[in-house]
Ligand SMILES: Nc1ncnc2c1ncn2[C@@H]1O[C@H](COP(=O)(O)OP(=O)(O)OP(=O)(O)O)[C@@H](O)[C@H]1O
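Starting off, we have a lone chain in the form predicted on its own, written out as structure tokens.
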């Protein structure tokens, strides 16, 4: 996917005119896991709604596999099957009588056979951890976490090549957050789909994304490998963003004289570096 000079102006030509994003450009590659971060009002949600033609740009264009997704109705229909978008609190979009029918809604609209739909439903349910016994119950009888999984399964059932998620862990407890992200990473690893995750959690971005796109006042302020972006701690702080907890701990340890090496932005990296130092001291 290629975004070229994307600009979107709301209420253009009125006293309420607002530029939400301005001249945004980037490319998303097959199999990549990228995070879009930024403070509230930085343009994240407006940006992702352009990526499967939910809204049209004021200027610029979005290309998917080299085709302008807004050039024709056929292109728009195709991109909505290939690029899945999960909104924040997607459980509010559940509406069918059973979980099975809710998950099957997308594949059914794709014109698939009953056999293919059934296979997609069961596969998607497996990816998000929904047990078979829940497929024939009402989605409104599920717990909050299960509803979130069912809603995500409805998008996954369309087998998108790009899966875009707007704050997928919002409102969940730590166990629920961990479970949802594990499910999404399983889908990514099994299918090779690219993931684009909008999040306010720097810890989640650090843990799961190999690339980060930082939005600030409607523009791309930083874009690069996660380790590189987190090396700009001062810039991130000025944008109203926090650095990951692991980075704060590592910085404090360095202040206390612990010779930590490399860019440390996840607890796993911090643990490995501490064990390395400990092992070196024991060998000495």
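Positions refer to the first chain, counted from 1. These numbers come from a predicted model, not from an experiment.
Omitted from view is the form predicted in complex with the ligand, to which the following refers.
- Residues of just one listed stretch (251-259, 45-53, 225-233, 61-69) have heavy atoms within 4.5 Å of the ligand in the model of the complex: 45-53.
- The partner is absent here; in the model of the complex, the one residue of 88, 201, 191, 75 having a heavy atom within 4.5 Å of the ligand is 88.
- The candidate site formed by 105, 108 and 132 is entirely out of contact with the ligand in the model of the complex, as no residue has a non-hydrogen atom within 4.5 angstroms of it.
- In the model of the complex, the ligand sits within 4.5 Å of a heavy atom of residue 40.
- Within 4.5 Å of any heavy atom of the ligand in the model of the complex lies no heavy atom of residue 25.
- With a 4.5 Å cutoff on heavy atoms, residue 20 counts as touching the ligand in the model of the complex.
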